[in-house]
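Quick heads-up: it's one chain on its own, the form predicted alone, in structure tokens.
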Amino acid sequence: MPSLMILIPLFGVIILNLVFASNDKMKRAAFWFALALFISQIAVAIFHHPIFWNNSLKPLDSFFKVSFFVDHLSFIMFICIGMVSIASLFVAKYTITEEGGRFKFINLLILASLGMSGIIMVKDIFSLYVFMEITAVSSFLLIAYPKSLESLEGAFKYLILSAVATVLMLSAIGILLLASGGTSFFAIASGIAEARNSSLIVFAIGLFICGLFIKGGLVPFHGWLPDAYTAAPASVSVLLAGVVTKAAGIYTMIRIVTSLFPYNQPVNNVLMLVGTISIFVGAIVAIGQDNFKRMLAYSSISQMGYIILGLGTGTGLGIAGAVFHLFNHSVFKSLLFVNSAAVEKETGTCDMNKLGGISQKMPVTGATSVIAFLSTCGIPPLSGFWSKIIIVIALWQTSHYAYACLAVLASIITLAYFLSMQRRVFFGKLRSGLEGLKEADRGVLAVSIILAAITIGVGVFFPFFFNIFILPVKEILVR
């Protein structure tokens, strides 16, 4: 019944707007519906009982002419989508005070999660594109939601570059359809295998990968990402950084690369080069940022470079490390953006030059930020250390010694800019004018504590988590 992962949120949004949109008291039900939806999504992904996943709703499946499939990588992505969506939901409850505005946000959040769920379940490239566009349109509207000049500018940049990605991917799909006679992963993989040396096939592959680089915000296609993350409302920044760019760009790249052209050395070389450039450009530019959210945006570019670097090894260990870092990044980067939302809400600014010493007034926010940035830097025993070290080992095993050394060096740069951020925002003497500062509300604090606990728990119980959740991905993707 994977179809339910699409149908329930779709009909839920319809019912919410037909039944509950009439008055503010009824609109509050949207929060609880969305919360129940995302918790259920996490639950069915963690336990992934075959009764649910192996039985389809055949009349509906045949009506929509779309077949879905799920595997361990899909389950990990479902957990990420549900977890980050819940974080975004609580931040919206905390930062959006007007009931009607919050209701509109929740509707768009559910639609975005619907699009991402479709992305991770389809097994043909055209349906993949359709769900990517659902996610992109929802994200565009979420970024532009405040209707401020800054948010509209960020949304416009996202829209323009997303349109470029659309053109690239649709062109690639058309060429691959002509070459293979179908749009399913199996048909395209067979067509590529039969015409491996075709320059047209190589061109199509290049177009599609460039489109995914744009969706994932990787260098040199990252121009939209810092502005979108910074200009978006706090709750939207959590969603974008935590899961949207991963589902629409990074996850899709993992699925496409491993399904359509595995063991393709030229593709792997491009991935490792782009990954390394993204790591260093993101880390170096982050050092010079004064805006809290903008620094986190460039940090996201850097950390997604590690995922692409691991994927580029083409080995089971490297791909497992990439998927593991994708999960870890969803957790610790969502935590950092949740905390940035708390800081912005309570102080009225994200300018680090106007902050300082706020851990004295916001101890939970300050402490969980330390946990998140240490995990980002790859400090043991936190979760980020294990995924990074697996990627480095995979690079070393494949004789990519220079890339392995550069990956370690970049973690030192990451440590430098996050120490600067902690010193300027949380440590030291409390800046004048912030004496009346108070901690964030209980819902946001609960989210921060849970995400921090996941970061610590996955690191401490790494062997269990890796063997149960990550290693099966290697068996599926690398055959």
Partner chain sequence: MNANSWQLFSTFGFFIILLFACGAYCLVVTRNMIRAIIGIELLIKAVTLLIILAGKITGRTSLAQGLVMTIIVIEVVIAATAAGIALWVFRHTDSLDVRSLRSLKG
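Numbering follows the first chain given and starts at 1. No experiment lies behind these values; they were computed from the predicted model shown.
Missing here is the form predicted together with its partner chain; even so, the following discussion is about that form.
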With the partner absent here, would Lys93, Leu108 and Leu111 each sit within 4.5 Å of its partner chain in the predicted complex, counting heavy atoms only?
no
Residue contact check: Pro380 to its partner chain in the predicted complex, 4.5 Å heavy atom:
no
Give a yes/no on whether Ser399 approaches its partner chain to within 4.5 Å in the predicted complex, heavy atoms considered.
no
Taking heavy atoms only, is Asn269 within 4.5 angstroms of its partner chain in the predicted complex?
no
Are any of the heavy atoms in Gly174 no more than 4.5 Å from a heavy atom of its partner chain in the predicted complex?
yes
Position in contact with its partner chain when the complex is considered in the predicted complex, options Leu273, Ala163, Val408, Ala193, heavy atoms within 4.5 Å:
Ala163
Scan Ser359, Gln289, Thr315, Thr347 and let me know which has any heavy atom within 4.5 Å of its partner chain in the predicted complex.
Gln289
Of the listed stretches (84-92, 133-141, 349-357, 245-253), which one has a non-hydrogen atom within 4.5 Å of its partner chain in the predicted complex?
133-141
For the heavy atom contacts within 4.5 Å of its partner chain in the predicted complex, list the residues of 144-183 involved, in sequence order.
Ala144, Lys147, Ser148, Leu149, Glu150, Leu152, Glu153, Gly154, Ala155, Phe156, Lys157, Leu159, Ile160, Ala163, Val164, Val167, Leu170, Ser171, Gly174, Ile175, Leu177, Leu178, Gly181, Gly182, Thr183
